[in-house]
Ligand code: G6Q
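Shown here is one chain on its own, the form predicted on its own, set out as structure tokens.
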């Protein structure tokens, strides 16, 4: 392994000397020393297997990876997505500095970014105020976003998260799966004359998205009796003007974005149009400001006090030091119920790589696997494994001090559970403590908790457009930092292509008069079974 990984060995040596319980006993001020604030979020990372020597060694690992230079390359528009020869500039989408200039191939992209944002705002207000009317003259009451991957996961997550800020007279739906059930059940919930479809596809060729869009168009035309209805009920988030026009959408209602916007980082682009319609342009700009505040913190803060960097380094300590294969994200806020799913794509599609930037096998464990559910549901599902199982699973707990829905003492109970879980995971319960509580000797082994399970706790005052934007940016930058240290390209995703290519050949065999038989024995058998069930 390269020399920089010696710093991880140094960090592990320091980290393994004491348990979390022992570390707290040694230092009464530990919680304050291992906490920091940024962009409306407070991070307590004191319940980790770390001391100051551990963190200093991890910071050296970041510095040895030339992280500061890589950060500047991203923010200034260098083409760090080398395999696709593209810049990576999702940060430009939320740059709130009115004088900012960001160059790509010598061109300042900020005027175009601001122009699209303004176009989105004008359109969103037309829909929200009932000025935009459907083919029959009725106001829009239903908005259906058709996309997949980053064109779906981000809008879904954010629309749910910011429900308290949404215009309640509008109902939002999201169709992504090419499984016809997804579209069919959505269409049963809307009325054609009052529905706006947003088709989100950069090239307007994405198989799943365009298949669903064509089916939705056929349904609309059938219901309203005219192809002219398409222009009043469909808009596009795309850059493919020719294809958009051929579909029947007026290109004046096409909202563009750029090849330097990766799908899983595209929420603050025109991909967020459904969100802007939901919460309004003013709240959407607050959302972008939250992103920007975390961007500024990440770009300027020293690594030891840099929230995304700290989270990234702790993740590397556990994945490459302790051999943890996954980490769990546990939002104690129902509005963040889709946040773990959103992070799955962000993290695993970005850093799920096995070759480094030189095209050679990586010399570390990349990833890791991300998963989670909202609390307290998860406590009655998989927490048993985290507490007493054989796997080490670091956890991020996310909570909000204030609730949008104060009912009785429910929020106090929710947050009590959050804090108690981190306490239980860190400190556990010894055999002696069980006996002191009168636990029968035969049950002591079953009621003993090892503890020493690492957790981070993230708290904000309240989930708002601004704090949500900052939270998303926090994890975006965490993933970026880990990719730099892993020495992989985080912004391509060639791994999703092979299955898509093979599916085209399989589709031909599913529908052909006679299948080709060119696949492996298992796939040929499955094709035959499917065809037989359909009488082909």
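Just so we're clear, the structure is a prediction, and the values are computed from it rather than from any experiment. Residue numbers count along the first chain shown, from 1.
The next section is about a form of this same protein that is not shown, the form predicted together with glucose-6-phosphate (G6Q).
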Clash verdict for glucose-6-phosphate (G6Q) in the model of the complex, overlaid onto the shown chain (3 or more atoms within 2.4 angstroms of backbone or C-beta): open
Using a 4.5 Å heavy atom cut-off, state whether residue 203 contacts glucose-6-phosphate (G6Q) in the model of the complex. yes
Exercise: residue 264 in contact with glucose-6-phosphate (G6Q) in the model of the complex, heavy atom 4.5 Å: yes
Answer yes if any heavy atom of residue 374 is within 4.5 Å of a heavy atom of glucose-6-phosphate (G6Q) in the model of the complex; otherwise answer no. no
Is there any non-hydrogen atom of residue 448 lying within 4.5 Å of glucose-6-phosphate (G6Q) in the model of the complex? no
Of 345, 422, 163, 283, which residue is found within 4.5 angstroms of glucose-6-phosphate (G6Q) in the model of the complex when only non-hydrogen atoms are counted? 345
Sole residue of 53, 33, 500, 508 within 4.5 Å of glucose-6-phosphate (G6Q) in the model of the complex, by heavy atom: 500
Contact stretch among 148 to 156, 189 to 197, 321 to 329, 301 to 309 - heavy atom within 4.5 Å of glucose-6-phosphate (G6Q) in the model of the complex: 148 to 156
Within 486 to 506, the residues having any heavy atom within 4.5 Å of glucose-6-phosphate (G6Q) in the model of the complex are 493, 496, 500
